[in-house]
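First, one chain by itself in structure tokens, the form predicted on its own.
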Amino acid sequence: MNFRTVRALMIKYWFVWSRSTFRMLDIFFWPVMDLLVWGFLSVYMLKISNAVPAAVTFLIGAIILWNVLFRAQQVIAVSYLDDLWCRNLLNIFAAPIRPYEYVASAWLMGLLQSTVVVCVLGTIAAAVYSFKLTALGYGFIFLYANLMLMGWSLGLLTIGLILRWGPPAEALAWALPFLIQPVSAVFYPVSVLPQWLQPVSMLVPSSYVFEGMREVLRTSHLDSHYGWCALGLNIVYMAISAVAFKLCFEEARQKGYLAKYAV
């Protein structure tokens, strides 16, 4: 892998994002709105019902961690779509850029953007709801890393599907994360799901992450079972996503889809 190529692609993405006010607004606007709306709703429900105070903490933590996964996937998918919309895709792959260098640069930009968003949301949560990410302790690093891996897998799969099916599949860039959200146990425990759906949830890495988050906030201790199960599943899904992307990319190249999408 040529790290100079990866660095050059990251600079290109940085210019695209930093020089567009609306693009920068999109990065921060939706996560902040989610945090404020759902946070205030939780506080309201706490006042008018017998809800446990921990419920507010669980929800705020879930919103912050969900944005890690969502942003990691979004940066990869939208970076590819930017090149597609700007008719720059053919230029990218006509240059001496390997597919995995292209993907690696998007992964690193996803890591950067997710970290910035988490810092912003963590600051707002501490100021408005007195919620501190430090309450998750060192377990936060393990949870964060697993969500990043899952977001990268979803992003890679998204690019592969769009390469294979073309512009009609662009909606997957936004739909794919929300397709797995109901079984990810983001805002509720797995036990809330119907009995037949719970085994499906146990096959999703993020369900272990959010179950682990609630355990840490409740007991100040993270059972290693959650972290290692999530990591094992992430490794499997990363391998599957990489193979799917390679197959879709080779098919797109052989059948001329890259040139077709570039005009």
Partner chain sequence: MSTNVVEVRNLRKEFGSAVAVDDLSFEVKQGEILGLLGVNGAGKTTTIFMLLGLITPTRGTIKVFDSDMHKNRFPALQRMNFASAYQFLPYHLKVWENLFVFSEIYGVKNSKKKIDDLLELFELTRLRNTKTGMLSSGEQTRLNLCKALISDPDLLLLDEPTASLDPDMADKARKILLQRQKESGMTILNTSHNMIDVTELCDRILFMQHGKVIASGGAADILKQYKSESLEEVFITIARSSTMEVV
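For clarity, every value in this text was computed on a predicted model and none was experimentally measured. Residue numbers count along the first chain shown, from 1.
What comes next is about the form predicted in complex with the partner chain, which does not appear here.
**Q** The chain here is shown without the partner chain. Which stretch in 111-119, 165-173, 83-91, 139-147 comes within 4.5 angstroms of it in the predicted bound form, by heavy atom distance?
**A** The contacting stretch here is 83-91.
**Q** Quick one: does A135 come within 4.5 Å of the partner chain in the predicted bound form, counting heavy atoms only?
**A** Output for A135 is no: heavy atoms all beyond 4.5 Å of the partner chain.
**Q** With heavy atoms only and a cut-off of 4.5 Å, decide whether L193 touches the partner chain in the predicted bound form.
**A** No, no contact at 4.5 Å.
**Q** Using a 4.5 angstroms cut-off on non-hydrogen atoms, would F22 count as touching the partner chain in the predicted bound form?
**A** Contact with the partner chain, no.
**Q** Look up in the predicted bound form whether P189 has a non-hydrogen atom within 4.5 angstroms of the partner chain, and give yes or no.
**A** Although the partner chain is absent here, P189 would stay clear of it in the predicted bound form, with no heavy atoms inside 4.5 Å.
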